[in-house]
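Let's start with one chain on its own, the form predicted alone, as structure tokens.
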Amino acid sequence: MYDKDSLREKAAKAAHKKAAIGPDIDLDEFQRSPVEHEYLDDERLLKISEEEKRQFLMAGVDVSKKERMGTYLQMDTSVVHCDTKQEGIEVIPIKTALEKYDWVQDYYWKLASADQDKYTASAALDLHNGYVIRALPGVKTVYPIQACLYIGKEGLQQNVHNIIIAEEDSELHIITGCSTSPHLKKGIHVGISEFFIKKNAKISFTMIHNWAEDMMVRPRSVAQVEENGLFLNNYICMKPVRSLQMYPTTHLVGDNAVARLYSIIVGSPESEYDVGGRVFLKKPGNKAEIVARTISNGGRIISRGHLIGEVPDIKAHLECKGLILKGGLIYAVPELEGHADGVEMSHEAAVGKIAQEEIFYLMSRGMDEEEATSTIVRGFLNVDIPGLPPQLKAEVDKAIELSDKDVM
């Protein structure tokens, strides 16, 4: 059980604590007052503007809810739609869940720390909402759950906290997007996410970001994977953003637990990205993989990866590959940390450019230079993600296709 007063006291002490990595942001430049929106039933949801529908779609969210087993939509600080279609799958706004269900308190701020930095502290002190998604024991999603956190209010700081739980022998597939109004210029998103993958359970979590050019983004996420559990975490950001800093952490705490973290980042001019991931391998049979694909079109990208093998009989691999198309910076920071005999860990890092002979070859096959370059870029971004359901793979491919022209 969490103590609300002690949580607020803990967060208040960290209200001005800067993050350990990434550029600092003055939160006083943004407003946190609630922004009210009316709830949208299925009929009204389908009647939102075509422009808004496209913004949702660019973040992987289909308002028709076709082939989706649940939906959570939040605009600014208000939950505007929340439902589930499958028995044994729960989708609940976190404020509602904390008020109605005691069991949620056993997960709230149990992996993430409210005093990590001023962003986590702000989310604890001024929580707007967020979601709880849970699969009950033995339940497997037929189609993915979709969630979207949308900002339309200029200058808003959106604070959300998400809890995702796969109970024993269950399986959850989630596609979540973050997006902004086409007219919004400036804002900040602070998102806390805690993942609990129980024994023999699986979570695939695919996040697609479609931000405005002057958005500041500070996700903070931690996952815990128990015996024979699997956590797939996929992150895609191919649209301009002013500043993105995230460093998700996964703890493998059960025998034979597995984590795979994949990211696709395209850096635009004047954008700053400090991204990566960290996995602690704590039990025999643990496996981890961190794979990053980054492209700089004039942006500044720091790509981090940290694998910590604490016991024998673990396997881990880190792969950071970057492509510079139109200037900018890609700085790869791979770290391997072994604490015992018998760990098996490796890394591969490379930063380069498109080889001219590859372009010439494709041009000799009938393509013009732009088509040839686009084909090579698309191939570079095509990451094979083991264990990802075909439908979610199609969503990832669609996101890359929709963003392809902007990449070039």
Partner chain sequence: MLLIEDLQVELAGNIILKHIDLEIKPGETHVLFGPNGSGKTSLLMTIMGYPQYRITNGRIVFKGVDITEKPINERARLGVGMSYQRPPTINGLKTRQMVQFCSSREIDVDELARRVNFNNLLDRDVNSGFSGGEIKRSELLQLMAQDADLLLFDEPESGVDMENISLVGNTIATLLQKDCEAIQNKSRLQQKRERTKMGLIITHTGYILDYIPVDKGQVLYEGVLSCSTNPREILQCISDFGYEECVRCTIKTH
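In this text the structure is predicted, and so the values were computed from the model without any measurement. Positions refer to the first chain, counted from 1.
What comes next is about the form predicted together with the partner chain, which does not appear here.
Interface residue remark: residue 362 is counted as part of the site for the partner chain in the model of the complex, having a heavy atom within 4.5 Å. When the partner chain is considered in the model of the complex, residue 368 lines it closely, a heavy atom lying within 4.5 Å. Within 4.5 Å of any heavy atom of the partner chain in the model of the complex lies no heavy atom of residue 33. Although the partner is absent from this view, residue 346 stays clear of the partner chain in the model of the complex, with no non-hydrogen atom inside 4.5 angstroms. For the three marked residues, 113, 122 and 194, no heavy atom of any sits within 4.5 Å of the partner chain in the model of the complex. Figure note: of the listed segments 336-344, 368-376, 37-45, 51-59, the one touching the partner chain in the model of the complex, with heavy atoms no more than 4.5 Å away, is 368-376.
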